[in-house]
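Starting off, we have a lone chain in the form predicted on its own, written out as C-alpha cells.
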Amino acid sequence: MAVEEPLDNPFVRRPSTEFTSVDELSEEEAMAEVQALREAIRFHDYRYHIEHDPVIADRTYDALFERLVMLEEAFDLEDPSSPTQRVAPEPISAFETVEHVRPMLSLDASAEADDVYEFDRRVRQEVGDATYVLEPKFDGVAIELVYAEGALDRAVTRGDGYEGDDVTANVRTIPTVPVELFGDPPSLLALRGEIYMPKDGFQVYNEERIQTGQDPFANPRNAAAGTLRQLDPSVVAQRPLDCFVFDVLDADEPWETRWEEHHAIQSFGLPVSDRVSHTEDIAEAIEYRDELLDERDDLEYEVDGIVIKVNERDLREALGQTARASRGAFAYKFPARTEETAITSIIVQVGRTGRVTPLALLEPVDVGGVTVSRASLHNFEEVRKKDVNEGDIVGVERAGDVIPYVAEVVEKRSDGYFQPPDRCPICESPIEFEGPLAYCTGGRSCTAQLREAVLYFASDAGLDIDGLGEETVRQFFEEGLIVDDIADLFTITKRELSSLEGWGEKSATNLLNELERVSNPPLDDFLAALGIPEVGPTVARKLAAAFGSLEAIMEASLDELEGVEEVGPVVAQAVRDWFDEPANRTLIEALDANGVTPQTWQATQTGDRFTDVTIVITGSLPTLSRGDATDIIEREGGSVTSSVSGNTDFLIVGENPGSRKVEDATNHGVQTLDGPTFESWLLGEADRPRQARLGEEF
C-alpha cells in the first residue's frame, strides 16, 4: 500500500508554471491555490524522498514551491504544517523535556537462536497461537513522532523511556519526515521511529569533518545522535539525516495487528522499511535474521539485528511488559563487531587547528578483516568517562571505514585514567580546554599546527600539489625551508631544493612547476585549502559562487554569509572569525606577495561539458575523491545529487557501492557507469558515453 495520488490536484501530474498574478487573486482564490500547492508539494516530496520516483522535474517543483511562498507571504497564510516551514528556525538555548505519550520501552535481546525459540515458547504458553512481524533493528536514534489532526506536533528523543528532549525543530528539517500526513489518519497518532544517517551520506560528512579539522564520527549512529542534539536547526538541515517509522505507540483508533499498522502508516506518507515481513513460524525469523546478516554490508543504513514482534495487538497487551521491556517483542542481535586488545601506550596529537587529541596505540588485532594497531580516544573527557589508560584491555570497534575507536574498557589493568598534559607536547604552549576539547594556544608558532596546515593546503582537499606529501613537508621543516607560514612554500628556490638529500634538479623543477601551477587557483579551491573551520569543498563552492571574489568574502557581514545556501549561523561565524584574525589576514597578504592570487568565480567556470547533466555517485572512485569529481562536474555546468530519481542521467558505481542506489537506477532506467569509464569521461580522456534509454542494453 502506498500514498494515493491526488489526481484532482492541478499541480500533481501536469503542473503549469503559468500563474495568475497575485494582484488579481481574491483571498478565497489564494487560499484554494495555497491548499492545492501544499497538497501537491507534500506529494512530490514523498515521491522524491521516500519513493525515489519523482513525477515532475526539479525546476517545476522549484516553481511550485516559490509560488507557495509568494502566496503565503502576500495573503498572510503562513501555517506551521506548510512545506515552506521546513526552513530551520533560529537556534535555541536548550531542549525542553517532554513526557512521552506512551513509554518507549527497551527490548529483551540476545544473539543466540535458543533464546529466540524460548521467547516463542513463552509467548505460545501464555497467549496461545500467535503470528510475528519481522523487521530490521535499526542502529540509529530512537524518536517519538506525535501527529495531531494529521500535522506534526512534536518530536521527542527516547531519553529515559518516559520523557525525552523536544527536538521538533531539528526533526522538521529532515526531508523524509512529513510535516503533514496524507489520507485520513487518526486525530492523535504517536509513532516510534529511528533517525539515522545513511552510509553514503555518513562517508561524505566524515570526509568534510576531516577536511575542516574536526574528528570524524566513529559510526553513523554517533553522527546521527550528535546532529540531533545540535541547538542550531540550520546545522541539522545541512546534514544527511533520514528516518524509518516502525511502531504505533498510541492512536485514537488502533489497528488490530502490527501488519495492518505497517501498511496504514505507509499510506499516510511516513517512511517505512521495505524489509518488513511476517510469519507464523519462529524458524522463519531465524532465517530472516541470517539473510539480513548476509546483506548487512550492502544496506544503505546500519542494522544490528532484527526485531520479532507479536503481530496481534490483543495478544501483545495480554503479554504485558516488565519495568523496562515489552514482553511481546524480542531483538535477535547480530554478532558484535568488537574485538579485545591491550593499549600499549597513549600518545597526544596536535592538528592544524590546534586541537589536541589522545590516540591509543594497540597490540595489533583483526577487526572486521582489518588489522588495527591504533584507535581514536576522541577527547580527554571520553578518556575520563571510560576510565582508559595504558595497559588496559579494551574493546575496539570499527565502523564506516574510519579510524577505529575504543568502545569500552573490558579489563582494568591500570590505576586511574590517562591525564591530559597541561602544555603542548610540541611547542610547550599552554593547553586550553573548551568543554571536552583541548587546544594548543601556540597557533602557527607550533610546528605541529603549521605542518598540518601546510599538508592540508597541499592535499586533495586543498590545492592538490603533486609531490608535496608528508615526508617532503617534514623534510622542509627539518631543513628550515618552512618557518613562518604556508606562504614560505612559494619562496623556496631550486638551489635550496637541489641541495636536499634525495633531491635532484629534475625533482626540484617538477615541484616548482607544481607550485607555479597552483599560484592562480580557483577561488573555491583556495578557500578550502586555507583550512577555515567548518569550510570544506562544498561550502567553499557555495561561498565562491555567492560572492565571486576573495575580497568580497573577506568583507562579508554575518548576515550576508548566512544568506548563502548551506551556510548557517555556525559556519558563518567560523568564516567571519577566521578572516577577523590578524594572523590569517597576514597569511593572505603573504600569499599574495609571493604570487598566489585566487581567481574570481567567473574565471573558475571551465566549460559546459556537463550542462544539464545530473549525476549520482555511489562507492569510491579509482583516483578521485567525490569532492574532486563534484568540483569538476559543477564547474562544467552539471549537478551532483545524493539520490537517484527519474531526473538522474547517470549513476556512477565505484568500489563498495550502496545497493539501494543501484536498485533505484535499475527501476528508473538510469544508465550506470563504472568508476574507470566515468573518470575517463570526467578527465577529458574519453567522450561522453552514449546514453541508453529505458529498455535498451547499456
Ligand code: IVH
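Please read these numbers as outputs of a predicted model, since none were measured by experiment. The first residue of the shown sequence is 1; numbering continues from there.
Another form exists, predicted together with the named molecule; not displayed. Remarks below refer to it.
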**Message:** Considering non-hydrogen atoms and a 4.5 Å limit, which listed residue (232, 135, 120, 339) is close to the named molecule in the model of the complex?
**Reply:** 135
**Item:** Contact assignment for the named molecule in the model of the complex, among 107, 554, 111, 410, heavy atom within 4.5 Å
**Value:** 107
**Message:** Is it true that 192, 246 and 309, all three, sit within 4.5 Å of the named molecule in the model of the complex, judged by heavy atoms?
**Reply:** yes
**Asked** Taking the partner as it appears in the model of the complex, which of 622-630, 587-595, 135-143, 427-435 has residues with heavy atoms within 4.5 Å of the named molecule?
**Response** 135-143
**Message:** Taking the named molecule as it sits in the model of the complex, is residue 326 near enough to touch it, meaning that at least one heavy atom pair lies within 4.5 angstroms?
**Reply:** yes
